[in-house]
Ligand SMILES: O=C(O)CCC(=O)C(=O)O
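Quick heads-up: it's one chain on its own, the form predicted on its own, in structure tokens.
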Amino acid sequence: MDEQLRELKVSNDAMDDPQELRRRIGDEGYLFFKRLQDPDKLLDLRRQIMAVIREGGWLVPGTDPVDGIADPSKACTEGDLGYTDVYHEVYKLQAFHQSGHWPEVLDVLEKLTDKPVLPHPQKIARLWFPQYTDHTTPIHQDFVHFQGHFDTYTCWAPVGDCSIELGGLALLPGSHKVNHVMDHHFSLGAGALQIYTDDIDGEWHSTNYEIGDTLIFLALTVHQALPNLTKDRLRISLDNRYHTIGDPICDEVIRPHLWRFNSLSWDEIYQDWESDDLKYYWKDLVDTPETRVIPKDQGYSEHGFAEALSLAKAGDEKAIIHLERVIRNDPTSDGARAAREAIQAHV
């Protein structure tokens, strides 16, 4: 493992001790389990995801899709329309959504909360091209994106073995104890928001993940993705989020991920499913007097976009790339107009 990274602490020994699990996540801000999730189920999911990705043209023809050998000429990321076109086909897989409800994960989360938990409707997969490092998910806290309640848990798991080189997740133990949302700034990476390294300290923890390994952490825990430095391998992982039924939930996480890019609806997602078990499962759980659905605070994103405009005017290349993406996605929007003005101001 990279000498600058420390190993994650494994919590399999406390699996049957809810009090100890709560103590550990309260102290470290995370729990890491070896092979918590069934590798066979994840391998089957990987096959389904890679089959869709192959149809989307991202893989080298003639290679085994399970190996995930990426065509570098197709490199794209969240925010690119070409990414969304393929990603939303993955998003329609019933098995992908079912993975957020697997009992082995729900069991751990209910031990942590001592209450029933709600898997967020907005499941997320991360599909990361090799050698596309400028777009790596930057240092951040999840709360800026998913909001609702500080006691929201992210469950991250690779869909396949994921070495340091392939780019797993790294985090700062204990960083959640700041108990507030830190200042976030513009980033070209996924989510477009980052915490500056000068604002944090501590030792980063990660590992060479194996299929089935699972990392659970709090909404304020500072973390980042490591860059995919492999020559040609696509990295796939799951981000599923959970909170106690009855806690406030942000309206954003009741919608499909990246829905704004092509108005993807739940009806479109569900249309080819073989069963109705999980269709709109959350409606009876969030449309209640006990659960408050709150609008997303756009202030974090607006601040980051304003910084991107300012940086682009000064000639910052990453900011210009970001603004050009905004223009391509919705040329007539107010954001696109502001982006064009900022880029032209530099030229």
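Start at 1 with the first residue shown and count on from there. Remember, predicted model here, so these are calculated numbers, not experimental data.
Missing here is the form predicted together with this ligand; even so, the following discussion is about that form.
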item: Segment assignment from 151-159, 262-270, 195-203, 105-113: heavy atom within 4.5 Å of this ligand in the predicted bound form; value: 151-159
item: Interface residue in the predicted bound form among N228, T137, T84, T214, criterion: non-hydrogen atom within 4.5 angstroms of this ligand; value: T137
item: In the predicted bound form, the one of S237, T207, S99, Q147 near this ligand [non-hydrogen atom within 4.5 angstroms]; value: S237
item: Proximity of F129 to this ligand in the predicted bound form, heavy atoms at 4.5 Å; value: no
item: is_contact(V253, this ligand) in the predicted bound form, heavy atom dist at most 4.5 Å; value: no
item: 4.5 angstroms heavy atom contact with this ligand in the predicted bound form for H223; value: yes
item: Any non-hydrogen atom of I249 within 4.5 angstroms of this ligand in the predicted bound form; value: no
item: Site check E307, R325 and A342: each within 4.5 Å of this ligand in the predicted bound form by heavy atom; value: no
